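In structure tokens, one chain follows: the form predicted alone.
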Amino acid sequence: MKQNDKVFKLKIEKLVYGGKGLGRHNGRAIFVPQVSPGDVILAEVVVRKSGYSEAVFKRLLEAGESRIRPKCPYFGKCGGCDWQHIRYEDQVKFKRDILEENLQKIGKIKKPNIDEIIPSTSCWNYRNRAQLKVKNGKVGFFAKGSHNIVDIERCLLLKEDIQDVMPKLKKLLAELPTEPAEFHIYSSSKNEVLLKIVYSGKFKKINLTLERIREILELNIVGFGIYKVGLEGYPERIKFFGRDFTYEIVDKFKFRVSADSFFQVNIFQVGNLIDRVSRAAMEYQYMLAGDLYCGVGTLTIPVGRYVHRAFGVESNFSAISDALYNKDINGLRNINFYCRETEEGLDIVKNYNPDFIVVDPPRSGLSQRVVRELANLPRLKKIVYVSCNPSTLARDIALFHTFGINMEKAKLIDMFPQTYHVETIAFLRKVR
């Protein structure tokens, strides 16, 4: 390949899911990270594949209208953010364009009805948790596309009480007999903090007290746990000190969240998510609601207030324990929770035969079997699909359509400012 084939002037047309920008050179699609629509750059091809190339930008020749100066000094090195160089109101517009394109091309919907865009109240200090990588005294996040750790002092995406915890974690490292692989930190709406110290190999006994860790980190640490990465790659608890749970307050709801459970990461958006899903349950007098991937009952419990009965299915035992507790503290007796893998949980769903379903799957979306079984429920009227991946959402919507279930509308709720991730609430109705 000649030099002029590898380095050339390129205008960025748009952003695509995954965070990169798309430009064209001699009719060939070129994907480049850390660009903005309208940018004119000098690009260098680094990978050539069938039908497209991947490039890096060597120099900015002309800035697009949306480009701004990144706020964080680590942007471009740290892999945590993708779009800090783009004005926030435009990030949300570009996410809407990406969602619409996926629904059109993959979901086969000519004119998708995206009827609401919900930006985050703040595009900074919104995250309540982080998984920080540790190696050779460094504490931070992986660099983009590698396992090299970017050593950082502060993360502007984290809640204000934990945004500058990294230097304090380095002090903690000095008192640990064995260096861990990761620190997992979670701060609740009450600024109660849970810490996990995660090892990947052999480690020596830790003699630090909860009070000492609280003193080092200068945080309201209510509990910390020692974990080891298991055979499947997930941290397994060895021992926990102090309280292994905290509480989240969202509007009129209270949720217990344990150290091994999951809660929505954006502190400004969880209330909006609950509100929009609950509203769908209020539109009609639904008798029975089911919630797959229900977690600690974050959506099951609010929906349960507006239906005759409800149930949730979740594979995480810790989350189900929290969910059972949460239905009681919220005064709801009409909800049951079951700890099952989703595929096994389909038998429970079929036995209940709900008319209203909520699904909030991982990025991989739903399996064909789950789509088929849900679509064939005799009494089903409505599905609310909460998605963090527009591609798999669109794929599943296309499959639901073959069973006579159509998307009525979708709402984009921006859970992850400064990143390319797109969170969607899609509303599907059975038409035959």
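One-based numbering along the sequence shown. Being a predicted model, the structure only gives us computed values, none of them experimental.
Note that the form predicted together with a small molecule isn't included here; everything after this is about it.
Of the stretches 236 to 244, 159 to 167, 290 to 298, 187 to 195, only 290 to 298 has residues with a heavy atom within 4.5 Å of the small molecule in the model of the complex. Judged against the small molecule in the model of the complex with a 4.5 angstroms heavy atom cut-off, the residues S36, G64 and E89 are out of contact without exception. F262 is the sole member of Y325, F262, Y352, W124 with a non-hydrogen atom lying within 4.5 angstroms of the small molecule in the model of the complex.
Though the small molecule is absent from this view, in the model of the complex it lies within 4.5 Å of a heavy atom of just one residue from N336, S321, T342, N220, which is T342. Though the partner is left out of this view, P177 does not reach within 4.5 Å of the small molecule in the model of the complex, counting heavy atoms only. The small molecule is not drawn, but in the model of the complex it has a heavy atom within 4.5 Å of P362. The small molecule is not shown here, but in the model of the complex it comes within 4.5 Å of a heavy atom of N316.
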